[in-house]
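Coming up is one lone chain in structure tokens, specifically the form predicted alone.
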Amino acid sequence: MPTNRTFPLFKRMDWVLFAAMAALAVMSISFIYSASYRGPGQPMPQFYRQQLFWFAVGLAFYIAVAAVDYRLICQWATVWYVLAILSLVLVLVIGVKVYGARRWLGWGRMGIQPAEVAKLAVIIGLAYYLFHRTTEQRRRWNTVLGAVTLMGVPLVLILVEPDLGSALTLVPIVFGMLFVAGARGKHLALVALMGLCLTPVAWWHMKKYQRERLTVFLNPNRDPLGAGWNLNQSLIAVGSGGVTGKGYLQGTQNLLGYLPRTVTPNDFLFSVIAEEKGFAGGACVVGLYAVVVWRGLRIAADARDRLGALLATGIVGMLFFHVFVNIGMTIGLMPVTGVPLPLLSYGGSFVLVSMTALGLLQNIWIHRRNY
């Protein structure tokens, strides 16, 4: 719990990272409102108010996590990991079923998505696992296999929901952390080769709509009025924004409902920003994420111990993957997988996870030296 040393600790915070987080939060509220806007006098969903609530709760998480030494948090790594696995099992049994997938636990609008929480639990668990291996042990195959197993259990459970995007997020996390831990390159290559060999098996176990998303990614005109609709409309929205955009609340792709209204506030929010604020707005978003990644990498480099470096690496890997995939899918460089933008897309679970993760980054920075 925060102590009387909390406020002096916050004086040593990375305020550049905090400012980037705050700017993304402001943009999130503004453009979730815009994505929900239906025109003057028209009723609209109150997603932006719900997002504001989640940011308030997330800020409390952020402060609490930043105030407690990350080494104490990681001592409970086994507990966090087991709780994450139990929640993933529980969601398969009693989870709320939406569009054929069981991904949420809870009631009404207060649900939580265990797959998002599992990402952070895996990062903490892997960091603790690798930190307690000697340099020589971290270069052995059995250590790499152990780390892959720790990642593989939640990955399989998330795939069963099914949630392909969240499951794939775990892959760059474990590779990045193993690389920083000093794993041999040949061992990482072997894991990658094993993954490629399992690709045909994964393909045949995918849902039909998941396979369609991948095939449409390779050929957007294959089914322009069906599986390719979202991608094509997103490309139109991004391209029509030009340099400075059409203006706030003036995006016709959104107003006229061509962008899918059910997922625009989360999966395609970047498309709304690009249409209304053009290349300048999109570049601003990318720039803010670049600041977050840059500061995260600096925190990893300046961490007082390998545990902090591993934690920071996993967090940066998670955030970067989300940004790269989400923006990539809105401009046709990646298949549509439903991966949200950190701190920007609508959704309580990932807002809480993102702000908790950034609180951990601040924690590592605050405790980078002995005082």
Partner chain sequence: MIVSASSSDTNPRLRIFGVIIATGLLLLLLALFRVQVLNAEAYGTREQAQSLRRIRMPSARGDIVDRHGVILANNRPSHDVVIYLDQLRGSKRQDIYQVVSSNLAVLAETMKMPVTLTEHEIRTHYQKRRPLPLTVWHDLPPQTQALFAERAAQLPAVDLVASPVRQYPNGSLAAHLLGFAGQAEQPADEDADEFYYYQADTAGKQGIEKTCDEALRGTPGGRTIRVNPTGRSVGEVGFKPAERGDRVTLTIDANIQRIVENALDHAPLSGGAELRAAAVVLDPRTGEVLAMASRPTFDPNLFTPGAPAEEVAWVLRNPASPLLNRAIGARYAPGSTFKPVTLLAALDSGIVKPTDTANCEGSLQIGNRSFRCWSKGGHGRVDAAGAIRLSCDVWFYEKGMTTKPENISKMAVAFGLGQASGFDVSGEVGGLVPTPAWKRMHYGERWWDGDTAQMSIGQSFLLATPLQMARATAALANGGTLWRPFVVRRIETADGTVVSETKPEQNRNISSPHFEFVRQAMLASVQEVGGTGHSAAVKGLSVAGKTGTAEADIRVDGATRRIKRTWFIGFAPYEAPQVAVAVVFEQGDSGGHTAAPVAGQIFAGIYGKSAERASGGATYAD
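Residue numbers count along the first chain shown, from 1. No experiment lies behind these values; they were computed from the predicted model shown.
What follows is about the form predicted together with its partner chain, which we do not show.
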Query raised in the report: Tell me which of 208-216, 251-259, 151-159, 83-91 has residues with heavy atoms within 4.5 angstroms of its partner chain in the model of the complex?
Result: 251-259
Query raised in the report: Can residue 269 be called a contact residue for its partner chain in the model of the complex at 4.5 Å between heavy atoms?
Result: no
Query raised in the report: With the cut-off set at 4.5 Å between non-hydrogen atoms, does residue 106 touch its partner chain in the model of the complex?
Result: no
Query raised in the report: Taking heavy atoms only, is residue 118 within 4.5 angstroms of its partner chain in the model of the complex?
Result: no
Report task. Verify the contact flag for residue 317: yes if a non-hydrogen atom of it lies within 4.5 Å of a non-hydrogen atom of its partner chain in the model of the complex, no if not. Result -> yes
Report task. Just give me the single entry in 246, 140, 133, 102 that has a non-hydrogen atom within 4.5 angstroms of its partner chain in the model of the complex. Result -> 246
Query raised in the report: Of 171, 293, 96, 112, which residue is found within 4.5 angstroms of its partner chain in the model of the complex when only non-hydrogen atoms are counted?
Result: 293
Query raised in the report: Within 4.5 Å of its partner chain in the model of the complex, do 179, 300 and 305 each have at least one heavy atom?
Result: yes
Query raised in the report: Does anything in 305-336 come within 4.5 Å of its partner chain in the model of the complex by heavy atoms, and if so which residues, in order?
Result: 305, 306, 307, 313, 316, 317, 320, 323, 324, 327, 328, 331, 333
